[in-house]
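A lone chain, given as structure tokens: the form predicted on its own.
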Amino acid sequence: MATVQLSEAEKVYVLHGIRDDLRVDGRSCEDYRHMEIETDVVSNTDGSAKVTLGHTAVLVGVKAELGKPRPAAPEEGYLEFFVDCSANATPEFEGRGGEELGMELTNTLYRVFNNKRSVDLGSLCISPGEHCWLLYVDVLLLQCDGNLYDAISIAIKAALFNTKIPKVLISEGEEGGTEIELSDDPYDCVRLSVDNVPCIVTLCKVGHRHVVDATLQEKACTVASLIMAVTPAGTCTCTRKVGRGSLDPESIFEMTEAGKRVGKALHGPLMSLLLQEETLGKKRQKVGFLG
């Protein structure tokens, strides 16, 4: 992951600011940076979104393809994730430098999203045991300035909200099997429910306090981080600790409660923004990526 080097004096300055609930950029410990969200930005996908969080930029595209359900879940579709760490995001990703981070992010996304409690996988099933929708979720890191997990999860939720899956007609074949036919009407489609799709909240322990949406400078002062997936109801569905430092039980409890509180407060404005953009239709003005 992209890192920066800080002197001891700079670290002390960051630590003292967080101790007094006043970070370098003027935010409090539980505030996010300015966020911009755009949907339907890539034309050759079934759903897409771009999220800019501070100077971190993430592009997500969702492509729906017909597939066969997994034997363990014959009545469900499933999601496949791929994370590409662009060398333009940071020089550290040049060559094969971003492969390890990409695999780490991909594995976390599988744990968070690819289960029926987060996404309505049953709605992706067409014919139990025979046909289902397979959603390929491709993530591209465009710029890296800390807090990748949160930005990626928000972009994935926005892209899934924007995803339009063609409606399928099922009929009996001549030999007794089932035949499927896709609708030719681009407006004849179904939408995926994102009511229970969680957002990831990353809390970084800096000194004796924790912060949300840490910058690279704050990340350099972090002892350890707690990554949480929080639903709109405030339920934590996945937790992961990263970093070489340790967290005492009291810190874990405080960070967990803060993560639930911040995650629950994040979903409301996010869904309101997505619904507002949806109502604009073709009238909305694209002002950012590919605008």
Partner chain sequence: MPTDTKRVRGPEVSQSLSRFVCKPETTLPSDGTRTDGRSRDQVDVRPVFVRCGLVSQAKGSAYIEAGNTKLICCVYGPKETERKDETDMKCGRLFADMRFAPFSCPERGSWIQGSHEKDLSLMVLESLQPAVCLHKYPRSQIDINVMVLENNGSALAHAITCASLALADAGIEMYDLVLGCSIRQDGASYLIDPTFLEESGSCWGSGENQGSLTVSFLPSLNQISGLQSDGEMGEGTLTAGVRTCIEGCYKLYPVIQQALVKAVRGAAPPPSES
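Positions refer to the first chain, counted from 1. Quick caveat: nothing in here was measured; it's all calculated off a predicted structure.
One more form of this protein, predicted together with its partner chain, exists but is not displayed; see below.
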Original post:
its partner chain isn't shown here, but in the predicted complex which of 264, 241, 63, 33 has a heavy atom within 4.5 Å of it?
Top reply: 241
Subject >> Partner proximity in the predicted complex: residue 246 to its partner chain, non-hydrogen atom cutoff 4.5 Å >> reply: yes
Subject >> Exercise: residue 208 in contact with its partner chain in the predicted complex, heavy atom 4.5 Å >> reply: no
Original post:
residue 116: heavy atom within 4.5 Å of its partner chain in the predicted complex?
Top reply: yes
Original post:
Hey, in the predicted complex, is residue 120 touching its partner chain, heavy atoms inside 4.5 Å?
Top reply: no
**OP:** Could you tell me which stretch in 53-61, 37-45, 255-263, 24-32 has residues with non-hydrogen atoms within 4.5 Å of its partner chain in the predicted complex?
**Re:** 255-263
Original post:
Taking 127, 132 and 193 as a possible spot, do all three reach its partner chain in the predicted complex with a heavy atom inside 4.5 Å?
Top reply: no
Original post:
Is any part of 64-86 within 4.5 angstroms of its partner chain in the predicted complex by a non-hydrogen atom, and which residues would that be?
Top reply: 71
